[in-house]
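First, one chain by itself: the form predicted on its own, in structure tokens.
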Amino acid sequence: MSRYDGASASFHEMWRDLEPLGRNAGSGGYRRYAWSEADVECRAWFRAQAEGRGLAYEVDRNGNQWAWLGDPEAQDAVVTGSHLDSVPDGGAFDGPLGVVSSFAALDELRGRGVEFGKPLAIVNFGDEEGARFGLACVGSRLSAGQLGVEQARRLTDADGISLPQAMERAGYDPTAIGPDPERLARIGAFVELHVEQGRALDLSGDQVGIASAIWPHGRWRFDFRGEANHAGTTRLVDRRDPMLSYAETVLAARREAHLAGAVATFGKISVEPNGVNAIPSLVRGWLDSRAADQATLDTVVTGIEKAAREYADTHGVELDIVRESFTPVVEFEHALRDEIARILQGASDRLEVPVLGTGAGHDAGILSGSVPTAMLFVRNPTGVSHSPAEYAAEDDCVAGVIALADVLEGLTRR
């Protein structure tokens, strides 16, 4: 049996057990929201995988799960992992592929008889997608000190349940949340494997690639406040309809992004009073925008905001704009990235491993300000992500496991 056969068996067994958790029968997508029942089931799966391999299991002050091989208190640990939560009706691979591959890579290394010169850990960061509380990468942001404790305690979901309340209901203690510099100081390198959210690898014909950088990105909330009124009796000229301003702003976002070579998306909306026969009093929309550099992103968002205010003035609507989150450009550490490239080139006898940027945010990007980080991407043949149609072929997933194992072996021996 080749090492690929062993990696495939390990990967397939874990994938089979994790795949049904949090899956919606109607949409076929996943609803693994932070601290929900589905999330608790995923966390139980993680703990079972850790303890089944004899790893030291622990949960940190922010609810992130850790599985340690070697002394957790020692320095210069090599850490890998990702997240298990999802966007609404998301795909199976975004996040879980990295966690499953981490355990499978450890199995592969043990099968090789590797003697580890450094501690190795696998992590599941909590609430990476931000689907429930509206802020991405909550677990890693708290640990890295990029999210204040009071701000975190004020986060609420659509039902008014606060983050601390949700954590407590799921059986975790929320009183200790906050920066965790001592834990991060133990980490010498963090490598996150992730399904590619695009088609660059498919177009190049490569199964695995290395991340160069994460585009700067943020989320802005646009509150258009008008006047509720009767849809059938109010003349068009007498209306203060915030939906018109919102709709025009959506089109402006597309236009500004197209002109700048960036992306801008209004993907979430809330309407009050939300009646078929009522003119809305409030339309609240969330903008997600990303670009290859900060100047371009600033140009796009400024253009959208300017257009939105002009439309609001035209229709007699009030407008408030709030930046809810922002992550600057992340250039992954070149020394670590280059070392990983050398490891992969040597392991596969290839002349070059593709290096590509991404517009998607990740925990690796958040941690990059505190520890050396890097990312590996696994080919996505359609480029579709954040959708039930998200997909990666099993042979590509196994190639990702082998690549991650090679990287972890090289880093723990350096």
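Nothing here was measured: the structure is a model prediction, and the numbers come from that model. Just count from 1 along the sequence shown to find any residue number.
Keep in mind that the form predicted together with a further copy of the same chain is not shown, yet the notes after this line are about it.
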query	finding
Heavy atom within 4.5 Å of a further copy of the same chain in the model of the complex - the one residue of V59, V384, A56, V371 that qualifies	V384
Option touching a further copy of the same chain, based on a heavy atom within 4.5 Å in the model of the complex, out of A295, A185, A335, I269	I269
Partner-proximal stretch of 137 to 145, 335 to 343, 151 to 159, 280 to 288 relative to a further copy of the same chain in the model of the complex, 4.5 angstroms, heavy atom	280 to 288
Residue contact check: A176 to a further copy of the same chain in the model of the complex, 4.5 Å heavy atom	no
is_contact(R199, a further copy of the same chain) in the model of the complex, heavy atom dist at most 4.5 Å	yes
Residue contact check: K306 to a further copy of the same chain in the model of the complex, 4.5 Å heavy atom	no
is_contact(G171, a further copy of the same chain) in the model of the complex, heavy atom dist at most 4.5 Å	no
Members of 255 to 278 lying within 4.5 angstroms of a further copy of the same chain, judged by heavy atom, in the model of the complex	A257, H258, A262, V263, A264, T265, F266, G267, K268, I269, V271, P273, N274, G275, V276, N277, A278
